[in-house]
Every structure is written in C-alpha cells, then in structure tokens.
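Look below for two forms of one protein chain, each set out as structure tokens: first structure 1, then structure 2.
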Structure 1
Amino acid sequence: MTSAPTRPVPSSPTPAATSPIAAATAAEEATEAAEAAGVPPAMVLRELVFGAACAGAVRAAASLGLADALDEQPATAEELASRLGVEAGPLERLLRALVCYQVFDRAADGRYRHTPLSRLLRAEEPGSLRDIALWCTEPWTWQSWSRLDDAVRTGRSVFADAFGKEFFQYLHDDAPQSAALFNRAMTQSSRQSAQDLADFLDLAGIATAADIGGGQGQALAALMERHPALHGTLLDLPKVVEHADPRLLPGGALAERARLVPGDCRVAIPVQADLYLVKNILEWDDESTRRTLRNLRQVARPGARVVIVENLVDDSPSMRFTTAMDLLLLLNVGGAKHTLGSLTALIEESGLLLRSVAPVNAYLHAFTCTVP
C-alpha cells in the first residue's frame, strides 16, 4: 500500500463514534465553538432547521446553470439574469443566500465571482459535482426526508410507503429522468474515486484484478490504465455489464486485457484473480454482505488480496457527508453504511485476514485483506 496512515485492526466490533455519548459530546463542542465565535446556540439551531434552504439553493444554481453563466470575470446579478433568461431580483436573492455558504462570492462593488465551491457546479469543471448536487436534491428526496422519523421508528425503508413502489422500481417506471441522472451521478462519483484508488493501491506482484459488483468498471479501468500489464475482470449484473465503461467493451482501449462477467456476487463469484476489489456494495444488509464475502472466500486462492472500500460513519474526515448517505440509504432501500467495528466483524466472520485499514480520500476507507 501507499504511505497513507493505517490504524490498528480491532479484534471485535468497536463502539461507533456516533454513539449517544459521542453525539452529545460533539453537540457540546459545536455549541461551545459557536459560543466562542459569538453565535448563540439558538441561532445555530435556527440555521440548521433551515438546511433545506441551502440544499434547495444549490439545486437551483445547478439546475439553472448559474455557475456556467459566470465566467472568469465578475458579473452583476442583472448581467447573469440576462445570460440565463431569468428575473434579476430573485436571482440576486438566490446569490445572496449562496454567498452565505461560500458558493459564489460578492465583491465590494456588488459583482459576483467564483469560489472553489461554485466552480464544482460547472458542468465541464474537472471533478464537477453538478450531477451529484442535482441527484441528492431530486423532488422525491424531499418527501423521503420528511419521513425519517418513521424510518427510525421501524428500522426499514419508507420509500414504498411514500411512492407505492420500491426505490429502483420507482425510478425505472415513474422517474426515468431521475434514473438517468442517478446513472450520471454515480458514474461521475465512481470516476473520481477510481482515480483516488488508482493512486492509493500498490499493485506490485499483481497480474490480475477483479472488480466485484463494480458497476461500469471505472475503478478497474483506472487501474488497468495505470498498470499496462494488468488484466482485469468486471463482475456485475447482466444489464450493468452491458453498459460497462467504453474502455472495457469490445473495441475499447483496454478490451484485450478485460473480461466482462455477468453475474450476482451474492449468488456466486466465478472469478480467479490476484486482487479482488469490492467497493461500496456491502451496504444493503448484513446477510447479503455475508453471502458476498463467503462466495469470495470460497473462490479466491490462498494469498489473494481483497480490498474492500466503503464509507465509514464513525471515523471519517467527511462525517456530515457519510452520515447523510447512511440516512438516505435507510430511507430509500433500508441499507446502512458501516462503522469500523461492524465491517471488521463481518470480514473476520468471513475468514478473511484483515491486514490494515487506511483512508483512500476524505470519504472512503480501504480494508486490505488476504485469503488464508
């Protein structure tokens, strides 16, 4: 592995840092920080309960193409409104709200200019988050969030109760534009994390790699581009594999070294490799996680390396992001993100030997294992 810091591997599940005591401590620290800055707790809470306004403002900016309308030269709200074909007054109000969150900046002369956050809303910006910003604020999300208390009471998804269908069936049948946006957002996210993984993983001594449940295979393609001698296999459901990354498909730049295998990793993993990559698929329920790891353990040769990449909700530099995804999983499909302890326990139960845990980036951790 690279020199990214690793942590000791616990022999049994550890308490989540988001326990009631830890949460209370975090709240106290946040309150103390706010008071130190001269902001009373009541004001902090008032701003928190208006969080939907922030998300809505970011969505409006992304939907309108506001960040693309502003070039490198500062512009007034009137100039931007003319470019976008919208009313200047309401646009000024939207910009004023966004400036509060450092999404755009307002100069002393009243003109608006880009910030690092607003640039990420540009469609063609490297590392753009525009599609992800739109996906996370789709119309159905607002209704789902309003039922979070029901999800907490029952411990299950509330999506079917709200929309009459399970999440992915609803997208397929009733929200095709949202489904297309979901695909673009996931592709965008996978492409970015794929580069981080390619930077992170040391493939010395690895001749073959398998991306298990790897979606379109961006991570596998990034690894194969980084290592010209590497042969790779992508395993995922038939309809997913059919739309794999163009680099892996017949005629693609990596096709001669790539193998596409349709299948369900919860049923079987008919793939031999030196390295197995398992990224963001162990979050549906513990039983499907057990089946996937058991299938992997049965097929992998002794000494093979298994790298499991997941978001953690108890020790991450991006806790607000990972815990929000965890709650959205509960709402939509009844799934859950892992704590360090919960994933460690499942890995050990499977018989894999956990060697190290290290951050890949601000929101992903890699659990590096070997097959005994």
Structure 2
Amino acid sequence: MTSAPTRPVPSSPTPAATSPIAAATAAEEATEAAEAAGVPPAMVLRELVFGAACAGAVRAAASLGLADALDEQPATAEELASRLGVEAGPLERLLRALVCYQVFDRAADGRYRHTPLSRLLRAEEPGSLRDIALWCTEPWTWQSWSRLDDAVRTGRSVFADAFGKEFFQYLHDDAPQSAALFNRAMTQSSRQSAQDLADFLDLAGIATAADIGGGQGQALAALMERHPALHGTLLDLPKVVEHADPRLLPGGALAERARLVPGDCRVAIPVQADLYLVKNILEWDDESTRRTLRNLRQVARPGARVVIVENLVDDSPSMRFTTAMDLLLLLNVGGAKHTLGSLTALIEESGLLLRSVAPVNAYLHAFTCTVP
C-alpha cells in the first residue's frame, strides 16, 4: 500500500465511529449482545461460517423474483410457489431461512409478508437493490471467495489464476450476462449518489465535464440535467459505452450535448474538459491508478478541475459492507478501498494539486484537485 500523505489535506474527513479502535469496540459489543441474547460464541461462529447460506438465499430470492411475487396481501408458501412455478416445500424452506435475516416476515397463520429488506429485492421498488444483490453473488464471486487465503498470501488478485484472464476482460469476453448485470448494478447504485454528487458540485465556470470510467453515464446525465448548458463526455470501456444511459445515446434528451468515448483510461484519455469526474474507479491496483492519473494530467489543461470520488475504508458508516467490498476488490482486480492517506498519496504522486477532501454523502468522499 502507499504511504501516508506528505502534506496536510486542507479539509480532511471527520473520523467516524468506525476507526480501527471503534471497530474493535463494535466487535466486542456485538459479542456481548449475542451473549446477552443467549447465543454462545461457538454458535455465533457457526452462524458466521454459514454466511454463504445467507448470501445464497438472498440471491435465490432475487433471481426467482420472490419479492415481486408477493404483493401487499400476505401469502402462503404454496400460493407463492404456484405464482413462481416452483416447488412449495423447498420454497417454504427458503422463506424460513430468509425470515431469520428479516428478509420477509412470517405471520402466526403461516402467511408471508414483506419487510423493509424484502421490499428492496423488488425490481421496481424505488431504491431497489435487486441487481446489486445478484451482482454481489454472481457465480464468479463464489469461486473467488474460496481463494481469499491465496490473495492474502500473494497480495494479488486471484482472478487470472481462476479464470485465465483479467476481471473486466473476462466479464466482457466470457460472461456477457454478468457484464450487463454489472452495468445495471452500478447504475442502480449510482442513482442516489449521482443526485448527491450533482448537489455537491459547484459548476460555476464549468462548460464541459467528462466522466472517466463513468459506467453507463448515470452521474453525468444527472449533472447535465441539472445544468442545461453543460456539455458532457462519457469515457468507459467500449461495451459499457455501447449501452450508455438512453438519455445520452443518439435520440436521447441529452444527446446533443453528449459525447461518448469508448476507451481504456489506463492507455489514454483523449478528452478535453473543464471538469473531470473519476468516481469509484481508482479502487483497482495502484499501478492502474497511477497510469490513469498520469494520462489525465497529460491531457488536461492547466487549471482544469479533477474530482475523484471514493468510499473511504477509514470513514465508513458500515465497516462490514466496506471491508467486504475491500476484500472483493483484492480478489477480482487486486484492488482496495482507499484510506484518506492512501488515496491522497497517489494523487500527490501524480502531480495533481489536491485542494480539498469533503464528504459528498454518508459514504462517499470527493477529493477535489486542480491540474497545475
């Protein structure tokens, strides 16, 4: 990993209650809570090692469309099974497992009803996490998790060993359905953060913005909708840009102000803009980050603004979620969730001038830089 920052960051994020010390306290609290509830440590550990059963049950519910089969009327497992065309007995067992995690609830009469968690698995629910639930439990994840010890031994991604090629290359060449799911999941996850970012950014004096590794363009489209004179460029891998947000594609509401650039930002960033956004992509290996920032510095004119947006592992509202993502990044791209220090060091090494670090929302931080 990279070293700590060599000069103070103008405004650093407030350490949350999730610093390593606080995390140890939280672990103690969780153990105490389990003991107070009469669950001995040996049972807590037995439950932990069956984490795959929980992830598998949520995945099955999402892929069967179980949450969509249940409306506001409580229903029995038999009724749900007939709506889905599946076996009633095993469905009852799946529901019984999910109820343990508050995904669905079972009334005294044996009928099932929604909970806040099960509603999030509905495809059309506002804030739906269905695609994210499927993405985080894709078949390749199961093979990768079983090799975590190798990744810790070597400090490298296990992906090429397991699948014969790099992660994104595998997705686009060998698992197109998984690639399409990834793009939908990123769009789903970006929906709220795109609005938060649009609220956060001050675009005074900015006529052109470029989103580097911008996925399907959710954040860029939100910005362009908010600023009717803004011209925007989306750069991402060719197969991602091909399926960009319909608002940016020919005939779309923003198409006249939009440019789509298929490419690899580690090779070149052939885009001129007043503002460059780099959101949730610098979490791969450090060498890829160095190359991307170098390419950005080479192409951007002096004075251009670069806003790098990331989740920080040392300032996260959910350490269980962020540390899981951090380990998954190690497995698939040899990457990591950054700390304030590790990302600051890479930015400073690139020669960009870091002006401020500020929270965009509860879980994202923006590193605002200028090109010297």
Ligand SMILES: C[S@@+](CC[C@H](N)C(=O)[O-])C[C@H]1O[C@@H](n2cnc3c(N)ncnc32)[C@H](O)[C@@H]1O
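Throughout, residue numbering runs from 1 along the sequence of structure 1. Keep in mind the model is a prediction, meaning the values are calculated, not measured.
- Each structure shows the same chain on its own, and structure 1 is the form predicted on its own.
- When each C-alpha is placed with whichever rigid part superposes it better, residue 52 ends up alongside residue 178 in the two-part motion between structure 1 and structure 2.
- Fitting C-alpha atoms of each rigid part between structure 1 and structure 2 shows the smaller part swung round by 20° relative to the larger.
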